[in-house]
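Heads up, the chain below is alone and in the form predicted alone; it's given as structure tokens.
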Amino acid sequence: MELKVQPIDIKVGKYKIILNSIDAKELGVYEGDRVRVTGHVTVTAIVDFTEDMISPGMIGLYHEVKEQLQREWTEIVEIEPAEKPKSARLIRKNMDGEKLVQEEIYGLVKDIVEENLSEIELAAFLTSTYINDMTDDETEWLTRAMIDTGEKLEFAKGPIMDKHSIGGVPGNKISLLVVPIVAANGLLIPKTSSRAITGAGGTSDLMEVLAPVEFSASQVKEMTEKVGGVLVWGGATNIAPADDKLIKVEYPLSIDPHCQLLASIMAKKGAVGADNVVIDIPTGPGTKIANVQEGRKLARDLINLGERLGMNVDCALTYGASPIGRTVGPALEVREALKVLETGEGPNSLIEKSMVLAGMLLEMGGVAARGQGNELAMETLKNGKALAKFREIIEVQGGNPDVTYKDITAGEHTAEITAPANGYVLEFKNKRVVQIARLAGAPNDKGAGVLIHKKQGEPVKKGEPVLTIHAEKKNKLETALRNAQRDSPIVVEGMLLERVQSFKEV
């Protein structure tokens, strides 16, 4: 069938076209089927339907298809039905509980990267792996395929260090301390990080307050070799690109299959050439890992996968039931981390956790003796070498190396949440604090977030501030404040939770 082209300049992240339902019926295709679109070149695309957006005799080409065909543009294209990719059948095989071989998994990941699978097919794959977890062999093959279908960093010298946090804890700004401490001791640490999906600020959102974070893989390599470390957004590097595509589908499903979690973490580490990796596994109420027992199992699985991939992996089970430091939100967190680097002083939770993880990396990298890493990390912080190295990292990424914590400003619109009674903070709801920060505008509004005055176990007086909400926009502050007042993120001893009365007649 020949159709006249109608470009649709919308990026959908996949090769997709729109047909009028009349033409689709004539061609014998349904929504989700594939067609080959041929001009001077041929592109396989997924079909969408419309009754009125595209007229009969026309074909709507989304941005990605248009870009492919524009290499040699034509106004008329020919389309014909195309078979589903082999990997679509492999998903059904996985759903039936059958095991996949290495070549099948590689083909599946390749189709994910090349946008040959629909969102429904990806959702089916993720759901099947959530129900039927992959074997150790399949997980290794999945990880290797995710590494091999993207760009990889190769350094002339090593060892290459890296760290990762499973997440789920507000205010997890420790990479801003760990990376410069490790790099200041002569080790290479090309830290690629994510942006927040459900949180109030991923490491990349934080670093973007100080410097650009979007670089190619070759630029990441060059900068790391020059100053010893970087803090960049992994999504701009094409490193393990399948991971980002799977995460986009996982989010609305609210699932995180075990094998995908392992592969997601280790593929990013393998792609940057990491030799030694420390993985932070926060545990406790409100985190992704409910208890220490689950944390130990995850640690064993990560260590086992690391061995299969030739990486040395150590895991740290950490306390995750309370925010790290006293800030949540990009600018607030950066200000707090910078102050620690500049003065050597700050919240114990932030300093202690950063020193422990940095110390583990220093020991694994051979620059500190066993059991002495924490001490060397603290010395690197106190003597100013970590700050000097962080300024080098900021500068090489295009930021202002002379910035100080006093230069970092939070949103000017503020509101306080006060204690309803005298007593102690008995409960601190992490997820609620993150939700309030997001309603205030974080992470997109860098100045939005929450400043924490009182944490769990600390004494408080009635009317005393417990939290301060910061926002760049007044309407967002009002929304966040209403939400916080409707369901308080803290519980104070002596606070009346609810009065339940009898229905006895008087």
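Since the model is a prediction, treat every value here as computed from it, not as a measurement. Residue indices: 1-based, along the sequence shown. In this text, the rigid core denotes the largest set of C-alpha atoms whose superposition between the two forms falls within 1.5 Å.
We do not show the form predicted together with another copy of the chain, though everything after this point is about it.
Segments offered: 394 to 402, 330 to 338, 100 to 108, 243 to 251. Contacting another copy of the chain in the predicted complex at heavy atom distances within 4.5 Å is 243 to 251.
With the partner removed from view, the residue among M95, V367, L261, I303 that has a non-hydrogen atom within 4.5 Å of another copy of the chain in the predicted complex turns out to be M95. With the partner omitted from this view, the residue of G28, P56, G457, G463 that lies near another copy of the chain in the predicted complex is G28 [heavy atom within 4.5 Å].
At a distance threshold of 4.5 angstroms between non-hydrogen atoms, I120 is in contact with another copy of the chain in the predicted complex. Interface residue remark: D445 is counted as part of the site for another copy of the chain in the predicted complex, having a heavy atom within 4.5 Å. Shown alone here, S128 lies within 4.5 Å of another copy of the chain in the predicted complex, counting heavy atoms only. Proximity of I197 to another copy of the chain in the predicted complex: non-hydrogen atoms within 4.5 Å are present.
Annotation: in the predicted complex, residues G32, D52 and K473 each come within 4.5 Å of another copy of the chain through at least one heavy atom. Taking a 4.5 Å heavy atom cutoff to another copy of the chain in the predicted complex, the contacting residues in 1 to 16 are I8, D9, I10, K11.
Fitting the two forms on the rigid core leaves the C-alpha of E83 displaced by at least 2 angstroms between this form and the one not shown. Core-superposed comparison between this form and the one not shown: the Cα of N444 travels less than 2 Å. Relative to the superposed rigid core, the position of the CA of R486 differs between this form and the one not shown by less than 2 Å.
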